[in-house]
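Single chain ahead, written as structure tokens, the form predicted on its own.
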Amino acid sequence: MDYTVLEVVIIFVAMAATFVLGSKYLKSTEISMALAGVVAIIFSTLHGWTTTPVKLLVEGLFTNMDLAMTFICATIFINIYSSSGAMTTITRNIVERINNKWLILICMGILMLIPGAITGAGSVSVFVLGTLVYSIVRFMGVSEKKATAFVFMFAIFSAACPPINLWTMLMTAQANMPYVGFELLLLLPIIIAGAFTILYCGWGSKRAPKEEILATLPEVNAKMYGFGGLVRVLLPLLTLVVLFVLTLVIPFSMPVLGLPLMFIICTVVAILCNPNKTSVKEYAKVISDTMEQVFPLVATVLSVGIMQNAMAASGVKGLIGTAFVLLPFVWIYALILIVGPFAQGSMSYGSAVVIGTPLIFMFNTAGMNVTVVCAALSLIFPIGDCLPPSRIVGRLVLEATDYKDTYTSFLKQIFVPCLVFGLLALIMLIKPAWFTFLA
């Protein structure tokens, strides 16, 4: 293929214009990304750079199918697990047994981490626990604005939290890196930023009486209490942990199950542990509701594949990669906390492919630890889930908490904890050698 910079720039501008117009009039980030990819493929075909446009489109659609399947199966698991009353049981036990406000806020934060950590999407944490956690945090005396900020921050922490971080998975897949060694690199900054968020939101608040809190929580089956109830609550999660550990400890003796099958196995365990008389029709409804719930996010992952394939074929990906490689390191450090989140707001998970992968190659050329670099970028991108045009998590959080004020006031409320989270990631990006012991 014989590209010229001007031709590639024209294609890039055409893609950007298509994306902006699509976002404005179609109100869909996913369709806009797919259309931008189609425009790039059309230009590439007209220039003679490709003779198989349909092949490019179909291959792009299936590029991230494994991630989409993981996403679907993980969300089905967490929803069926929650439908048994397990999450509510955990919450009620925390409120009944813990009287310290700070311990309850810590427990609420940890609970918020679980759904997103095992699905890769902060939106799932909001769907499953957002309203419940918001109510309890409000009962801790936290204001409406800070309680909403609490839910949002732990939603994006959950998306970045191991074991599943979709930004990391996309970047490692593109850069031919193994998806290993990220657990502590991702977890430590989340613990630090999470502790700051709890202090930031909870400082000066006063807890409401225990009885008042419990009265607002849904009732659960009596079988969810006692030793039997403990087994019902913990067994599905322990099954998931055991399967993960076995694949790491005995990889050559353990059959390759894959993440989707692991979550399906855990879903079966959750069904067996469910004390409620749930019919097949009710389970089918949970699965149907889950598919409706995750459809926009699955569509995002698939449309990202179309766009990255189109960008590679048209030379746009190379243009962006070259532009980043030519930037001095100091400019990358100065701009990444702005460019990264806004790219996430515009392209969702596509930000990891369009910006993250070129940066990984550049840092690798400079001899830096790319595992640390990849982890740092994976912590920066989720911050953009509150930014337009997509505002995926921010939009859901405001709906779940019935936020009354303007979206701008919400952004002002989350600015400080987001800045702390971003600065932690920036330190990792600037000095990756300091964090290699965690990899």
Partner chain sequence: MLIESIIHYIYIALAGIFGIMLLVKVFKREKRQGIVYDIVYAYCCVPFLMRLLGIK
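The model shown is predicted, which means the values in this text are computed figures rather than measured ones. Positions refer to the first chain, counted from 1.
One more form of this protein exists, namely the form predicted in complex with its partner chain; it is left out here, but the text below deals with it.
Listed residue (Ile271, Ile264, Ile110, Ile338) with a non-hydrogen atom within 4.5 angstroms of its partner chain in the predicted complex: Exactly one residue meets the criterion: Ile264.
Of Ile320, Met177, Ile114, Ala299, the one that lies within 4.5 Å of its partner chain in the predicted complex (heavy atoms): Only one listed residue qualifies here, and that residue is Ala299.
All of Val231, Leu238 and Gly384 with a heavy atom within 4.5 Å of its partner chain in the predicted complex: Judged in the predicted complex, none of Val231, Leu238 and Gly384 sits within 4.5 Å of its partner chain.
Heavy atom contact within 4.5 Å of its partner chain in the predicted complex, the stretch among 353-361, 165-173, 281-289, 120-128: Comparing against its partner chain in the predicted complex, the contact stretch is 281-289.
Interface membership of Leu259, its partner chain in the predicted complex, 4.5 Å heavy atom rule: Leu259: contacts its partner chain in the predicted complex.
In the predicted complex, Glu59 touching its partner chain (heavy atom, 4.5 Å): Yes, Glu59 lies within 4.5 Å of its partner chain in the predicted complex.
Contact of Asp66 with its partner chain in the predicted complex (heavy atom, 4.5 Å): It does: once its partner chain is placed as it appears in the predicted complex, Asp66 has a heavy atom within 4.5 Å of it.
Contact flag, Asp405 vs its partner chain in the predicted complex, heavy atom cut 4.5 Å: Outside the cut-off, so no.
Residues from 23-43 in contact with its partner chain (non-hydrogen atom within 4.5 Å) in the predicted complex: Those in contact are Leu26, Lys27, Ser28, Glu30, Ile31, Ala34.
Pair Met291/Ala352, Cα separation in the predicted complex versus the displayed form, closer or farther by 3 angstroms or more: Distance between the C-alphas of Met291 and Ala352: longer in the predicted complex, by 3 Å or more.
CA-CA separation of Val126 and Lys27, closer or farther in the predicted complex than in the form shown [shift of 3 angstroms or more]: It is farther: in the predicted complex, the C-alpha atoms of Lys27 and Val126 lie at least 3 Å more apart than they do here.
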